[in-house]
Every structure is written in C-alpha cells, then in structure tokens.
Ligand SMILES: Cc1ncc(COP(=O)(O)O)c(C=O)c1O
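Presented below, as structure tokens, is a lone chain in the form predicted on its own.
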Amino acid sequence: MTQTASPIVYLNGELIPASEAKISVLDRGFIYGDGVYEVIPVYARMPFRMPQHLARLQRSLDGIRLANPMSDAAWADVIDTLIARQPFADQAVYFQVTRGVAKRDHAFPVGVPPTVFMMSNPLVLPSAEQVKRGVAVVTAEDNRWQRCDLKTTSLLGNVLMRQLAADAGAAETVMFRDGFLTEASASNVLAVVNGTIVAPPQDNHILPGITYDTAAELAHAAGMRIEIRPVRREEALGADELWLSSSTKEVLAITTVDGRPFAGGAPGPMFRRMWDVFQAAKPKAAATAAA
C-alpha cells in the first residue's frame, strides 16, 4: 500500500513535513491558549485579501500585547512559499502565533521568542446543494468573553457553540447577546430587512470579518443597500433573509432556524445576487494579487 506523504508545514522558520513538526508541552498556546491565528482563503494559488488578513493579525497581536514576529512582507513570502509547496490550487492557509515556551506562570514571560506555526489545507467551500438550498442553524445566548473581536486560539466558547449546531445536525449556531444579534460560532451573520442588508457593528462582541467587509464593499459597488447597526433578535429572526459569511463559507443562506423553515425555506433573491457578485469578484482579486 502506498503511504501518503506528510504535508509540508512551517514551524519557527522551517518548512518540514507535518509528521516531524514538534511543539513543547510548555508552549503557552497549549497551556493557556495564549496566541492568535488567521485563515486566508486561496483561489487558484492566489491569497484572497491577504493585506486585510495581515492587518487583522496585527490587531489581534496588539490586543494580547504580543509583538509581531515578522513584517507583512515576510509573512507574505512565507505564505506564498507554503502555498507553492501544496499540491492543490484552492487552499486555506492557517497560521498562528503563540507567546512561546516558558515555565507555567500566568504573567507574560520575558525574552521568550514566539512560536509561529503555519499549514495549508484544501479549501472546502459550501457544496452546490448548500448554495442552492441554504443551511440550517440553531440559536443560543452568546455567553462568550468580552473580546470576541480578537482572533485568539482560545476558542472553547466557540467550540461549545459549534457543538450545539453539530448536535442538532445544523451548520452553525447563531448567537444573541442581551437581545441583539452578534455572530455565529465561526461566521459573521447578516440579515436582509425590507430590501436592505443589515449587519451588526464590529464591536468587541464580534470578529471583524474579512468576508463581512468584502460583502459590504461588494454590496455598495453593486448598488445594494446596506446598513451597519445593532440588530435586535426579533428583527433578525423575522428578517426576509439571513446569511452566514466567513472565509470558508463565503456567503451562505440560512433557510432553517431551530428546526423550522426560515423565510420560505429557500435562499432569497438578495442572497442569489450577492453570491453571484462574490463569485465574480474572486478571479478579479486573484488577478490583482498576481499583478
């Protein structure tokens, strides 16, 4: 039997097979979840909105008071190198920075180099059936911490929320805090109300999504109305349409909520228009990145 070669990953300056990559059990990312991460979608070997992802990485690093170990140019060089080493064209590049290896102590260690890890996997996007029919979600009260705007590796709150959806055979858990829409466990959430796309403001309770921003920009360019404002639970659950957005979901319609058909049980016209606009933007972004 032919054994599949171990994929190439990046760890602290080296490109090595994943099977050879080793991190200390005293790494603060393992002990405390003390780190941040990013995921960049790659279409036809071209990273999608890499500058925006690197800017969000910097914001997250600043938020946990961890110095960025590389310049944007250095990050881009390693990302491009890692992409080139994979056998697939469409990829999801994952990279994380932790506070490094140190004696277990809650206080920040001094003079400890960060741990930098990167890998790339095939980009798995929603199926044609999911795009056509939409997906199911469940709802829950958002009981996570107060800094959801930082993309940290401390994701237990999100993991528990995502498991609620998995337990129900749903794609996501849509969350509300104090009666207002926040986000889903691994996605932003947008609504369509009376022909206008409505999205919650990017405050400390939601992750500033790159795809969220992309959808807003594309909506403006296509002449679609969009408002960024608080969205009450009743308004969201009574909306004409609800969408999920993320780097790996792109934009995806919600058609079942808590086991019941939502908005007629089929993706609405605004979603179909946004999906078409988003797909048209992908090759343009790739061409811009290659220029």
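When you see a residue number, it is the position in the sequence shown, counting from 1. Bear in mind the structure is a predicted one, so any value in this text is a computation, not a measurement.
Here the subject shifts to the form predicted in complex with the ligand, a form of this protein not shown in this document.
Picking from 125-133, 107-115, 208-216, 88-96 the stretch near the ligand in the predicted complex, with a 4.5 Å limit on heavy atoms, gives 208-216.
Contact check at 4.5 Å (heavy atoms) against the ligand in the predicted complex: none of Arg49, Ile79 and Ser120 pass.
The closest non-hydrogen atom of Arg177 lies beyond 4.5 Å of the ligand in the predicted complex. For Asn68, no non-hydrogen atom is located within 4.5 Å of the ligand in the predicted complex, even though that partner is not displayed.
Although the partner is absent from this view, Tyr37 contacts the ligand in the predicted complex, with a non-hydrogen atom inside 4.5 angstroms. Heavy atoms of Arg162 never reach within 4.5 Å of the ligand in the predicted complex, leaving it off the interface. Heavy atoms closer than or equal to 4.5 Å to the ligand in the predicted complex belong, across 36-58, to the residues Tyr37, His53, Arg56, ordered by sequence position.
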